[in-house]
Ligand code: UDP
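Single chain ahead, by itself, as structure tokens, in the form predicted on its own.
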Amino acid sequence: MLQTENKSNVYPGFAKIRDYEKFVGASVINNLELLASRLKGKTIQNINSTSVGGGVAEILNRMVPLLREIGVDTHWDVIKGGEQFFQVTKKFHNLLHGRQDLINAHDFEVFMHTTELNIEEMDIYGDIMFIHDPQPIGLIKKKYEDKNRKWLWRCHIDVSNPDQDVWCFLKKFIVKYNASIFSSPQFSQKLSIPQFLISPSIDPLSDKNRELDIQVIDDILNKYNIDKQKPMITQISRFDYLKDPVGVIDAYRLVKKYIDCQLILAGGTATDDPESVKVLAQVQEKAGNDPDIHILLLPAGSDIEINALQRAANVVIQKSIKEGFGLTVTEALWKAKPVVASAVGGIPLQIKHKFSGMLCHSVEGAAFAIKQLLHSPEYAKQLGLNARENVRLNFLLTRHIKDYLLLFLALYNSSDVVHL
């Protein structure tokens, strides 16, 4: 028997909506409250596959309490599945990103078996059902129990070049939703339902993004035996093939030939990602005995540590092979850090090359950009300042909430869905 997890009431010590005025102004907050008032009497139920690890859980953990504060009855539930189910959904994840993996009829059977168990046991109570990513997609089979209920499918991953077997399997569910949401225009697929572009966001007041005292940063560097006098190249991400941590080590070693620097690879795991332990082992093997490569497996709740490691970095890198959006990039840009990142997924939406960061296409390109930034600190500083302002205008949580509120309202007026 599967036990689902409800996350709706676990929000101690969070910021209030008016705390964001200092970043976006009072008029933005007033507008959010006005939009929220139009949803009075409607319940929003978010469902995803994990409550910790990854950007989806992080966004929901920050957004749900703010929506509740401004009067939108918002909840968050998590499906459950066994090891086999998450191994299959990890295959889906890889194949949707265009990576080769083996998939067979048994895998689809495992997915459907767990889906049916969740359909049977999940309490569906929202006026708007907000389903995140492929893992819970099959819950749409409950749509016809209440014809007035609206269903949204939110795709947080890069599906610009998906494996067709997996995509066609998922598409049979997707087309039953009232609308779909993607993070980048290039992820759009031919669908018979409306599609919307809504970029993810970061919370500037979360522990991962708020300002830190220099002593806090120094203490964390000391905790991990990191030399603050030596230039730091830092990548923060889950240990995932698609984040290419092995390629980051290759880029670091090219830079190391010219500049005495160090590399910090820090991140954690997610309950719905069974591959991370294997990837971590490969990264450790690749690093060998190099004392200037710091591989940090951070437990859940290490937001202050991540914040400090990003703030201490001379250059932040995100050398992803595929990327749904790249919130670790957004976090670093908000901290006015010079960022070198792959030109994939939603990253080019955030970085204008040589204005708010540096985009790269290879190990050699990443190394070249890192060397340029380490040799030109004033240029690196200006990139960081440009980047922070771009995030303030486009990628903070308040903008994200506004987009969702507008979409929720549009679901009740079909003519608005087309023109939103």
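Residue numbers run from 1 along the displayed sequence. Every value quoted in this text rests on a predicted model; they were computed, and no experiment measured them.
The following text describes the form predicted together with the ligand, which does not appear among the structures shown.
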property	result
49, 81 and 134 each touching the ligand in the model of the complex (heavy atom, 4.5 Å)	no
One stretch from 278-286, 72-80, 220-228, 237-245 that, in the model of the complex, holds residues within 4.5 Å of the ligand by heavy atom	237-245
Non-hydrogen atom contact residue 331 with the ligand in the model of the complex at 4.5 angstroms	yes
Heavy atom of residue 158 within 4.5 Å of the ligand in the model of the complex	no
Close approach of residue 338 to the ligand in the model of the complex, 4.5 Å, heavy atom	no
The ligand contact at residue 208 in the model of the complex, heavy atom, 4.5 Å	yes
Contact residue in the model of the complex, from 128, 327, 264, 251 (heavy atom within 4.5 Å of the ligand)	327
In the model of the complex, the residue from 365, 55, 65, 384 that sits within 4.5 Å of the ligand by heavy atoms	55
Contacts with the ligand in the model of the complex - residues in 305-319 whose heavy atoms fall within 4.5 Å	306
